[in-house]
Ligand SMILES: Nc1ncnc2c1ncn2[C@@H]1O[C@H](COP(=O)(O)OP(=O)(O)OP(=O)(O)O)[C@@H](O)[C@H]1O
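We begin with a single chain expressed as structure tokens, specifically the form predicted alone.
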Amino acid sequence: MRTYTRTGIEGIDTMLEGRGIPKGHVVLVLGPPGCGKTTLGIQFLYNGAVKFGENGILVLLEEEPEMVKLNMLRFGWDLERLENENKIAIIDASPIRFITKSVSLGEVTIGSKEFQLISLIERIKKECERINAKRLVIDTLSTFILQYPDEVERREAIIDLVRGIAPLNCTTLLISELTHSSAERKYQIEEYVAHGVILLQRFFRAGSLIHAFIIEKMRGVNHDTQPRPYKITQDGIVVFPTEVVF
């Protein structure tokens, strides 16, 4: 019987049959800078730890943990406290990006990119076991895939990452930059690999900036595919599932 992970974010679970994300799914969250992607990911983790008793892991590939913790206090989310209580683990994975040479593992020598991927997955597994995590957020996937300018290599690396974290059975959000925001945009490789895709988009209409939340894909659950307005409030992301964008 399929089970679900509730996001606890106002409006989103309503758009997912009132159930949430199918447990163990890997969901890609795409959007331009400043649209609230990181906020959405951390809100998902915070709600899991505080509301649903599900521990979570935050993997930071770009931002510094201390800065993220400070920024999240504006919503009243004390990540430091949750860390101390072993309800959330924060992995600073940025040093992995700076490994530039080949690495020897016993008698086997592998390239730096392969080593980075292996190291990242192993760190996630270790923390997952330590706190019995059920939720995982990786922010941002864009930083990781920049190492793979070749499209074939990039696809293989993303597949390897998803396969590497799959045995953990964590419901996962992969945060990434949206390269094209127009309706005719070219789909990004990672969208084909993920079980679900959520878009955070911005539009100018009549001189006003409108934020649109779109569930583009979500396997295993009927979902609202219409763009719905959302706001970043003092309590985090709020989606309005009965309102229309246009």
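Since we're looking at a predicted model, the values are computed, not measured. Quick note: we count residues from 1 along the sequence shown, nothing fancier.
As for the form predicted together with this ligand, it is not shown, yet the points below apply to it.
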query	finding
Listed range touching this ligand, judged in the predicted bound form by heavy atoms within 4.5 Å, from 218-226, 232-240, 19-27, 6-14	232-240
Contact test in the predicted bound form: residue 57 vs this ligand, heavy atoms, 4.5 Å	no
Touches this ligand in the predicted bound form: residue 75 (any heavy atom, 4.5 Å)	yes
Residue 201 within 4.5 Å of this ligand in the predicted bound form, heavy atoms	no
In the predicted bound form, residue 38 touching this ligand (heavy atom, 4.5 Å)	yes
Any residue of 155-175 that, in the predicted bound form, places a heavy atom within 4.5 Å of this ligand	none
